[in-house]
Every structure is written in C-alpha cells, then in structure tokens.
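First, one chain by itself in structure tokens, the form predicted on its own.
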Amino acid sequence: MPRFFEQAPTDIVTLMGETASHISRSLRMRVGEHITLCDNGVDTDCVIESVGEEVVVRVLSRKPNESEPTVKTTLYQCVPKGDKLETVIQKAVELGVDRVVPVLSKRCVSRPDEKSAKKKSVRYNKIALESCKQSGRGKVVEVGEMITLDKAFENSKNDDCAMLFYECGGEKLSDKIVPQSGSCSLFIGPEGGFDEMEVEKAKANGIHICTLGPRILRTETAPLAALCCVMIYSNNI
C-alpha cells in the first residue's frame, strides 16, 4: 500500500502539492483505493474519496507503527567516491538506521565544496524519504549535513554506545553490549580506511574500536553489516 508522511488530524484529510500529484498522476490511483498516511509513529489507513489537483481521503483506522527499532542508531559514514553514499543511505534506512551523517575524514577522496554539499544533501534526504516509504518506516530518517570527523566524535559522546570499525582489528562486535533501547553510534571509514591518528582520537573520545571480522569490507558494505549486527544484538530482528 502506498505510504506518505502526512498528518491526519481529522477523519477527512485533503492532500495537496507533491503528495496529491504523486497519487493522481504518477500512481494514477482511483477513488476507493487505499493509502497509508504516517505521522509521529502512527499509521493511518485511508480510502481515497476524490482525486484531482487535491486528493481527499477518509480515515478508516489508526494504529502505532511497528517497524521502528527500539535502539536509535546514528551512522557516521565517511564520504565515499561516486554514488556509493546514496546506496548506503537507501539500505541503511531499510535496515532501521535512525540518522545518517556524512563525515569528512583524512582519507576521503571525495571532498565536495559547500555548494555541492548542499545540493547533495537535498538528494540524500529525498533518497532517505523514498526508502522510508518503501520499507514501511514510522518516521522520516534525516541525512544530516556533512561534518568533520572530530565533530562527529564530539556528537557521539552522549550516546549509550559508540563503535568505530577498523580494518586493522579491534573488539568483536559480539562482545559489545548493544543497548536494546537508547542510542548507538557507528563510524565507518572511506575507501582507504581510517588513519591511525583518527583511531587514537576515537579512543580518546571513549569510542570502542571494533572489527567486523577477518575480511576487509568495502566502505559501502561495512555499514550494512554493522547495522545488521546491531539490530540482531538489540533484539530488533
């Protein structure tokens, strides 16, 4: 069933703008078909009453969304080359990430300027939104502005658990206590991995240095493997 992140405060809701256009023109939906409106973790089942420049729907039922993980995970992904970050965002949202933050580290080859970064941010958030709709999420996952690694370390200090994944080894993720609720931060390096000094800074900030096994994973594979593990160990799968 098509999903839209729109408010449904009353039993009759009028949808306008891009949402109405998508329903009537792109999806070519008709009177009598059902859609889901989601707002603040509540899924609202609606039936279409009229279709045009505006789409009017009638609320049939409301229920809490059941797809949101109990643990809130922030993925600090060092910026990779090409469009790999787009794939990471899409799949991370499907796996239950709470927030994605692009990070610039020492070995990042891709270093967009401010104008380019803002343009990319709009696209990244659009990809996240579409993935939220597709995967039945109960909230819109935000892709934050690009920040430095030092800033990311600082931001993670209030989390219950923070882990940096290092290809040169570290603690087993299975040995870490992943909270079943609360917050968790994951740090993933770029194609060239983290610099040794960056790893030492992470340790100084109380971040656990972890491994995802003896095989070296690509920068677009590692975050998905880490997220899967977090969801399993926090009893969200």
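Residue indices: 1-based, along the sequence shown. Small disclaimer: the values here were computed from a predicted structure and weren't measured.
What follows is about the form predicted together with another copy of the chain, which we do not show.
Student: State yes or no: in the model of the complex, is some non-hydrogen atom of Leu15 no more than 4.5 angstroms from a non-hydrogen atom of another copy of the chain?
Tutor: Leu15: no contact with another copy of the chain in the model of the complex.
Student: Given that the partner is absent here, does Lys172 sit within 4.5 Å of another copy of the chain in the model of the complex, heavy atoms only?
Tutor: Because a heavy atom of Lys172 falls inside 4.5 Å of another copy of the chain in the model of the complex, the answer is yes.
Student: Is Pro80 close enough to touch another copy of the chain in the model of the complex, meaning at least one heavy atom pair within 4.5 Å?
Tutor: Pro80: no, not in contact with another copy of the chain in the model of the complex.
Student: I'd like to know whether Leu95 contacts another copy of the chain in the model of the complex, with contact meaning heavy atoms within 4.5 angstroms.
Tutor: Contact check for Leu95: yes, within 4.5 Å of another copy of the chain in the model of the complex.
Student: Heavy atoms within 4.5 Å of another copy of the chain in the model of the complex: which stretch among 154-162, 131-139, 104-112, 117-125?
Tutor: Answer to the contact question: 131-139.
Student: Give a yes or no on whether every one of Lys91, Ile216 and Asn235 sits within 4.5 angstroms of another copy of the chain in the model of the complex by heavy atom.
Tutor: Yes, the whole trio is in contact, each within 4.5 Å by some heavy atom.
Student: Over in the other structure, so in the model of the complex, do Glu200 and Asp175 pull closer or drift farther apart at the C-alpha level? The difference is 3 angstroms or more.
Tutor: Relative to the shown form, the pair is farther apart.
Student: Is the CA-CA spacing of Ser181 and Asp175 tighter or wider in the model of the complex than here, given a 3 Å or more change?
Tutor: Closer: Ser181 and Asp175 approach by 3 Å or more in the model of the complex.
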